[in-house]
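Just one chain is shown here, as structure tokens, and it is the form predicted alone.
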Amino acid sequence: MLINLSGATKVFCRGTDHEVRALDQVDLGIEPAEMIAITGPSGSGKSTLLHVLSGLEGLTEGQYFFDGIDFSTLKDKDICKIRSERIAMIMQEFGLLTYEDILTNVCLPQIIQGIYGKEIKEKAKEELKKVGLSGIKKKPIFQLSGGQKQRVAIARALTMDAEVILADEPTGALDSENTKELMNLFQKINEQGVTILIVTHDPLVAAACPKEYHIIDGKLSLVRSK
């Protein structure tokens, strides 16, 4: 199993009048190459779940194993290494550098790690071709549409050879046609063996995923599995 949460609980402001139980005894197992939707109302714990899976947040109680590795035993630098090499996050606000060009943004993780070179640049160009942006790779981010920005974020995930893509409301700023195109792209990526977990409010996005979970008040339940 690639991802395994057992009794995962995340409490903010514990022991105060403002205590929030964002995750409450969550059990979740994800096999390699699964494509999963997480649905639920605002404030239900969806984004917290993604942050735990990416290592951005630790658990208050319970366990999180990634590919057999217990995250609670890792130092911050080790978690950062896993996140930079194996787990890609695609945020609703894209997480792109507005005034840099597309190619630079796609290669940003490797630039930060100090491993950027010709091989990375060529791979980035290949991935931009897959998402339909190869002809405008020198265009600055601020000149792109919402759909194009999401494609840049996906190309970045593919360039880093991420095993897992965690997408937080990736279609939130897109119209129905761009949403459909983006989900088709996610499905193609998933068919290549990449595990994808999508947090979404959109029932059409959820329906495009073979497995769907619902979270409310921090409690996770399986809705369906094809």
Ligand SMILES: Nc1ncnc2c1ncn2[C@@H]1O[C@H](COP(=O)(O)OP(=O)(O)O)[C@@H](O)[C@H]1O
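Treat the numbers as computed from the prediction; the structure is a model and nothing was measured. Start at 1 and count along the sequence shown; that's the residue number.
Note that the form predicted in complex with the named molecule isn't included here; everything after this is about it.
Enquirer: P170 near the named molecule in the model of the complex, any heavy atom under 4.5 Å?
Expert: Answer no; every heavy atom of P170 is more than 4.5 Å from the named molecule in the model of the complex.
Enquirer: Verify the contact flag for S44: yes if a non-hydrogen atom of it lies within 4.5 Å of a non-hydrogen atom of the named molecule in the model of the complex, no if not.
Expert: S44: contacts the named molecule in the model of the complex.
Enquirer: Tell me, yes or no, whether T48 is in contact with the named molecule in the model of the complex, where a contact means a heavy atom of each within 4.5 Å.
Expert: It does: once the named molecule is placed as it appears in the model of the complex, T48 has a heavy atom within 4.5 Å of it.
Enquirer: Find out whether any non-hydrogen atom of C209 is located within 4.5 angstroms of the named molecule in the model of the complex, and reply yes or no.
Expert: C209: no contact with the named molecule in the model of the complex.
Enquirer: From the candidate stretches 64-72, 35-43, 182-190, 159-167, select the single one in contact with the named molecule in the model of the complex, where contact means a heavy atom within 4.5 Å.
Expert: Flagged stretch: 35-43.
Enquirer: Which residues from 1-21 come close to the named molecule in the model of the complex, meaning a heavy atom within 4.5 Å?
Expert: If the 4.5 Å heavy-atom criterion is applied to the named molecule in the model of the complex, 1-21 yields F12, C13, V20.
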